[in-house]
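Take a look at this single chain in structure tokens; it is the form predicted alone.
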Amino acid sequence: MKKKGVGIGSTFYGTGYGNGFPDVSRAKAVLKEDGKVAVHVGATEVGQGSKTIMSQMAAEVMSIPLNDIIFICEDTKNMPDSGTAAASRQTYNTGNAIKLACEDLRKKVIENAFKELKLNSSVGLTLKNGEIYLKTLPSKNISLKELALCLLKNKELPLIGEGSFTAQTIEMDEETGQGAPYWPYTFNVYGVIVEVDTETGLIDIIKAVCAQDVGKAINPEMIEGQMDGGFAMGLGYSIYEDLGLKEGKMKNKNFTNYLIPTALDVPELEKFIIEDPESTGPFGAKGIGEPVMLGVAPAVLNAIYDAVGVRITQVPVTPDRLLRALKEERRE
């Protein structure tokens, strides 16, 4: 017999290392000879899209096209440490460091531009679309490329902006358990409809929906990609991926037995991006790398309970485990 159930799982997640552990990111922004800006940062790209997001942030501060940002990362010889690609911290932490570095470079660009334009101060100068110009007389201008060539000729290149950002985190009191271990927090909620076959123990996800707090969406399409990926990973954790650990040995140590969800197993996820800009985040953004998978298993387990009235407390809920739980429930 097939039975349907509805479940909801809600989570909150503190990004960064937390609990007072030093959480520092550093970055450099360099004006190149061709007027482009190189961002040097130790932010590792592991598929989460950090190179794109952080390049967008740099381009926004420097007011130049995205293609004029040269993103240089993952080479510890040539760039400052930005911490690990972990704890969903790169967008927030390193994004802030890049923003600060580019703001520092932008300030230096304007300070040098007023000298090349032979003005008596930098007051009223602004940088937009790769041009530094006087607001009251826009014809008084110089491009980043022209400025770079002038500085090169005068042997004053490179102009370098530097930024360092430390996340706010307080170690929890060991006696009381009180404190502020993380900042910021992100929130989400998942809802799923499952169909449980009580004869075979198979579980199908019929429909799924996710509402994810992102602070400010820098790149909505990439956020939706994160949500899709997190849902698929959470689904695997919930009902498929069983290592079969026994006495420290893995029974299912290859993909013949260790099952992961395929495209045929994952329903279309209805996604809602919730924007509530974080005042301390770069352009209001927060990281969502890990949070997008956390609410899936609670939602699935609650839906199974709603369908068959059995509370499962072990994941993954494989067919044999579900059938065993149903059998024990009937005995009682």
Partner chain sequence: MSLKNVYVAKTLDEVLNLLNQYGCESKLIAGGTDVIIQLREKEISPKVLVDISNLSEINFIDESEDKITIGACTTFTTIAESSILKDKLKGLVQSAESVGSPQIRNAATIGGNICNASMAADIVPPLLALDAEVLIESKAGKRRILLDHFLMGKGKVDIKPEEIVTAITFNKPKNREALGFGKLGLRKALAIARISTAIYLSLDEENTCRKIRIANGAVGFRGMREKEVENIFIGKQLTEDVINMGIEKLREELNQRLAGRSSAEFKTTAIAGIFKKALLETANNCKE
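Numbering follows the first chain given and starts at 1. As the structure is a prediction and not an experimental result, all values here were calculated from the model.
Below, we refer to the form predicted in complex with its partner chain, which is not included among the displayed structures.
No residue in the set Glu195, Lys207 and Ile274 has a non-hydrogen atom no more than 4.5 Å from its partner chain in the predicted bound form.
In the predicted bound form, its partner chain sits beyond 4.5 Å of every heavy atom of Thr76. Interface membership of Asp265, defined by any non-hydrogen atom within 4.5 Å of its partner chain in the predicted bound form, is confirmed. Not displayed here, its partner chain is kept clear of Val315 by more than 4.5 Å at the level of heavy atoms in the predicted bound form. Within this chain, Thr256 lines the site of its partner chain in the predicted bound form, having a heavy atom no more than 4.5 Å away.
Picking from 183-191, 222-230, 257-265, 97-105 the stretch near its partner chain in the predicted bound form, with a 4.5 Å limit on heavy atoms, gives 257-265.
Only one of the listed residues (Glu156, Glu171, Glu116, Glu199) places a non-hydrogen atom within 4.5 angstroms of its partner chain in the predicted bound form, and that residue is Glu199.
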